[in-house]
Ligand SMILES: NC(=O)c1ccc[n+]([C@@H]2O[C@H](COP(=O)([O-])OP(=O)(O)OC[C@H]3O[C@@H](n4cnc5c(N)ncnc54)[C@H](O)[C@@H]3O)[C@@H](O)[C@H]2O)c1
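The chain below stands alone and is given as structure tokens, in the form predicted on its own.
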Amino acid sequence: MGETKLRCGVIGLGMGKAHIRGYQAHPNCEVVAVCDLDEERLAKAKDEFGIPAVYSDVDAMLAAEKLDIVSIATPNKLHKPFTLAAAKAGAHVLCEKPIAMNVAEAREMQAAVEAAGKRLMINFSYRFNAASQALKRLVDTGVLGNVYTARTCWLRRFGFPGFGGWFSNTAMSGGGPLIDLGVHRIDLALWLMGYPEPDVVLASATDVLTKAECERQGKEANTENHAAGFIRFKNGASLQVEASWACHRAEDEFMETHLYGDKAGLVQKNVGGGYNFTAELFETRAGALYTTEIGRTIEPAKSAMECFADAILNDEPTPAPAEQGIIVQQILDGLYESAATGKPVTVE
């Protein structure tokens, strides 16, 4: 890769701090600027990460810094305008999930970045850990055979993020736990399945516990607290998805993804309500049922930021391209429409 140094900028210093760390872990990246409306966050980031320049205005940063990569880690409503601005300024874009508020915005983002001759990648961060990477390598050997159905979920017993803030305002977020948490598990399942093309979706959602929490806290929120959906793909496979910020169950935080193939099946799930994961493979061999624990991987995983930088420096495809972000958004849009109308929705 030579000694080329990519000049990186980060917009948004909530999730954006993880982006800073990711770029700074890459020997050929330097984070030269960050942007946030919160002056205290800017000051802390400047000191903690040694950032040369801080901005409270995105346009000012893009005009002054001549950035190679811009990370967008903002409320979902701002993904589109900031992506368009970054592309116009000549930067590649790494955007937090979901790609946008809806498919129309996502396609506009993709078109603008492509017209600028740049790349757009989505930070589907649950792909970029050692456990998920090991599972992907295993699945890609064909051990499961034909994957005909899958189930995936992220359920919280009680965990509204920043209740009353942008997360729980659909005008800023596009939805609740389905678009916040479910998006990760949908992508992980699709990625392991080889990203089949969606056909029809059906969903239901409820805001009964959101309303109860509004009354308890005296705040406003208009998102669902729980959503469940079914996706049928054009190849005949299916996926069940479930996501919640609040539901009555034992675990404080529960994440699980099952894939069922005609040769074998697997499950990945979190351990002890935390963010470490275990996985098992289920097979039938010589007339006997085998369950194999998938052990610790010896190959460390690179962050999404490092992988994005590598793709740019080596002129290779990005590992989570906009096309896949659009497929996830198609599914999300369809699930929300189905939940609102009570009818199946054809994905277009």
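Residue positions are given as counts along the sequence shown, with the first one as 1. As the structure is a prediction and not an experimental result, all values here were calculated from the model.
In what follows, reference is made to the form predicted together with this ligand, a form of this protein that is not presented.
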| property | result |
| --- | --- |
| Distance check, I20 to this ligand in the model of the complex, heavy atom within 4.5 Å | no |
| 4.5 Å heavy atom contact, Q110 and this ligand in the model of the complex | no |
| Touches this ligand in the model of the complex: L259 (any heavy atom, 4.5 Å) | no |
| Distance check, F167 to this ligand in the model of the complex, heavy atom within 4.5 Å | yes |
| Candidate from M101, A73, A87, L135 lying within 4.5 Å of this ligand in the model of the complex - any heavy atom | A73 |
| A301, L37, A43, A64 - the one with a heavy atom within 4.5 Å of this ligand in the model of the complex | L37 |
| Residues I11, F82 and K97 all lining this ligand in the model of the complex, heavy atom within 4.5 Å | yes |
| Option from 112-120, 159-167, 266-274, 250-258 whose residues, in the model of the complex, bring a heavy atom within 4.5 Å of this ligand | 159-167 |
| Heavy atom within 4.5 Å of this ligand in the model of the complex - qualifying residues of 118-146 | N123, S125, Y126 |
